[in-house]
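Encoded as structure tokens, the following chain is the form predicted alone, with no partner shown.
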Amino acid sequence: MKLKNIIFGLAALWLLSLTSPLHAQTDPIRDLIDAAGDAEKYPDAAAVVVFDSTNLVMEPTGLTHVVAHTLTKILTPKGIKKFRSVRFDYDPASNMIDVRYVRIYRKNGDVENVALSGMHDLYAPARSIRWGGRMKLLPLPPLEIGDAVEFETYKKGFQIAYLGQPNEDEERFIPPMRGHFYDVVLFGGNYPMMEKAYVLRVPRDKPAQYEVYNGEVFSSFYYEEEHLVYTFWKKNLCPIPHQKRQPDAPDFIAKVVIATAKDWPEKARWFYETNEPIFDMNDEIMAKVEEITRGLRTDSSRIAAILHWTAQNIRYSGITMGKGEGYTIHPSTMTFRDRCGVCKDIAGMCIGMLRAAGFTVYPSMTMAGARVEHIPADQFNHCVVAIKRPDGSFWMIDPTWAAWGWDLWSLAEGEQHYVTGSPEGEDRDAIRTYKADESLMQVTSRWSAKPNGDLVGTIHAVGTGYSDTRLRRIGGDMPLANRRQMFEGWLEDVYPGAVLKSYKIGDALNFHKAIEITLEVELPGYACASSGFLSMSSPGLKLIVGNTRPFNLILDLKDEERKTPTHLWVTRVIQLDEEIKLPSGLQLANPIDEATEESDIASFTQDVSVKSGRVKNTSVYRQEERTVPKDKYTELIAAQELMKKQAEAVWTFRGGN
């Protein structure tokens, strides 16, 4: 069978497949629309996807032809609004898309072909990364509930990868790792789906390996004269849930990861060979390396100096370098001149400078916030730096996340998989799991309570690990002129009428010691007071639960049922050491019970005592997991709910004059 016959025949594959095991019925499209049901069947959905069919043919070069065929039924007014237009994204640097047809099946039985002459070819919306991505946008005629929108597209090329250099004509559609194919296929979307099917044809000498994750997907495999055919399908798919602090969808939605590459070392060798030409130096860069490492005697100090210079001086902003942007690392000389780039360019700048300082360094691909499976398909959204030690192991650093970070590798990137491009070819590896105590936030509050209920005192915060990063970003991101207003806002949110008498904050660019924040505060009328009586709650704990930014808490989670894991990025400990001096003669009126909520996921403990006219409050919140399984969500919330409860608990004191 000739390739062009396959390509032009793909449009008919869906109708032919109606008699295959993928479908239990032989009804035409109109009957499929009727069988899809209505809003009563899908009470929370604006639309339902009747079918989503993707057929791909890979050429020996790796160039891939993709025909997508989709039919979606409108269920609610919100669905009408969502389908005022249809959008088709593409990147002219690496792929093209042709919208073959768009038609509307009206609920009254009419079929309306939408004129493609109304299509607009526009720049796609962008923020921070402006690489020239485009979209084809087609306005649709007014729809009604019960109408269905069908479209078919033909796409040629590959999605953005990190590297590769296009040449002429069809060459720009061939993936950087020539002769290979990869994909990650998610079986889920924004709407419920009656069925999703994915069919891949590869040359018979390019067998693919695949694995299914996060659930079940049906599959089949068979031989054709010139191709191996892989088919995957699933029926009755629920929409991807959207909850606060959920992981990336590929970590919990059923997916197929497929690739023709043999293993990660093969991919890593290619990554190394493709990267090598871009780490060029010039006299100006060499002079800068000498300047920032002058007088430093240890490898670790030189590495830290180069890392922090790169992190603080190369802004995160993706500008186009023209042809090939999006999958080529900018040359070090270009990044040094422009002082901007995305993660791959910031990493490339750091690699070049470290090599100039005498280190053996390579780029490394990673996935921030999600897993990289063992099938060697590109599953990356981030680029970092791997420094080779004498024993052959790697010291991983990340100049993108090191901005305003004390650590050379952010503790929010624990358990993260990475693949390093080296001459030998490295296998997939992972960052270790970080313990909660490595990101300790120590809050110390000292207060003096007046008989009229006023409190005067100080709040002091200092952290380690990621907790230091949270405080350091406050000092680094906020202009000096706005800092007082920011701190006053913190206080006002928690203590109405609070007065910020003074504040101190350390130098965010001093990476030799932890940054510290100290607020001197007056809280008029904070305690309820009368003759011989005083009642109040913990001012320190109220600040912690009332201002989540510096403490990186998630007290706003209100889900009764968790449908996804809860991704918290980092384990942590927040410890409050509080002391309040009481007016003379006041004693605790009621015993204060010790508050404890403990589990393997999270815990909160509080110990309050009164001795010699002073209230001492030690409260500790511990979060032991960075990703909490959905069946453990209640344990996480229980610890945080107890902390919130104790922040509102009232202490009552009697006696005195």
Partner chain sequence: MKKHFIYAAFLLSVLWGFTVIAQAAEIDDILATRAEAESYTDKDVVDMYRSDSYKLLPDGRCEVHTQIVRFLSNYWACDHYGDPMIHYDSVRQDLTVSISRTYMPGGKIVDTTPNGFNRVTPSEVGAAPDYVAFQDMVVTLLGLEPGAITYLEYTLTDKESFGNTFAQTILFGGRNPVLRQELTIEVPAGTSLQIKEANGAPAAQKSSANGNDHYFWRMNKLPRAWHPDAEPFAFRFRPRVSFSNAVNWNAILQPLVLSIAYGSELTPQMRSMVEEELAGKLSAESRAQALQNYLHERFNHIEYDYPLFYRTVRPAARVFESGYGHSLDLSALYVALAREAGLDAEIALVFPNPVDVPSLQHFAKAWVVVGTDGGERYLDVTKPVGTCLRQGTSDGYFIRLKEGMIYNLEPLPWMQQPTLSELFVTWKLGEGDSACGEGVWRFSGALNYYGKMRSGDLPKFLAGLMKDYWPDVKVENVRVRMLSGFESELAFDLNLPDVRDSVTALRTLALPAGDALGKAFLPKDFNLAERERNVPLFLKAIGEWRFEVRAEYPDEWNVVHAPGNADVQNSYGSFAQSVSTENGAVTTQCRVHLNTHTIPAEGWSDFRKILLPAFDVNMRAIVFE
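Positions refer to the first chain, counted from 1. Note that this is a predicted model, so its numbers are computed, not measured.
Form predicted in complex with its partner chain: not shown, discussed below.
Of the options D437, E276, E144, E415, which one has a non-hydrogen atom that comes within 4.5 Å of its partner chain in the predicted bound form?
Exactly one residue meets the criterion: E144.
Quick one: of Y123, F218, Y101, Y223, which gets a non-hydrogen atom within 4.5 angstroms of its partner chain in the predicted bound form?
For this set of options, the contacting one is Y123.
Report the stretch among 356-364, 79-87, 405-413, 252-260 that approaches its partner chain in the predicted bound form to within 4.5 Å, counting heavy atoms only.
Stretch 79-87 is the one.
Does its partner chain get within 4.5 angstroms of any non-hydrogen atom of A93 in the predicted bound form?
Result no; A93 lies far from its partner chain in the predicted bound form.
Flag P423 as yes or no: does it have a non-hydrogen atom within 4.5 angstroms of any non-hydrogen atom of its partner chain in the predicted bound form?
It does not: once its partner chain is placed as it appears in the predicted bound form, P423 has no heavy atom within 4.5 Å of it.
A430: heavy atom within 4.5 Å of its partner chain in the predicted bound form?
So A430 does not count as contacting its partner chain.
Hey, in the predicted bound form, is A514 touching its partner chain, heavy atoms inside 4.5 Å?
It does not: once its partner chain is placed as it appears in the predicted bound form, A514 has no heavy atom within 4.5 Å of it.
Only counting heavy atoms and a 4.5 Å limit, does any residue of 467-489 reach its partner chain in the predicted bound form, and if so which ones?
G476, D477, M478, P479, L480, A481, N482, Q485, E488, G489, in sequence order.
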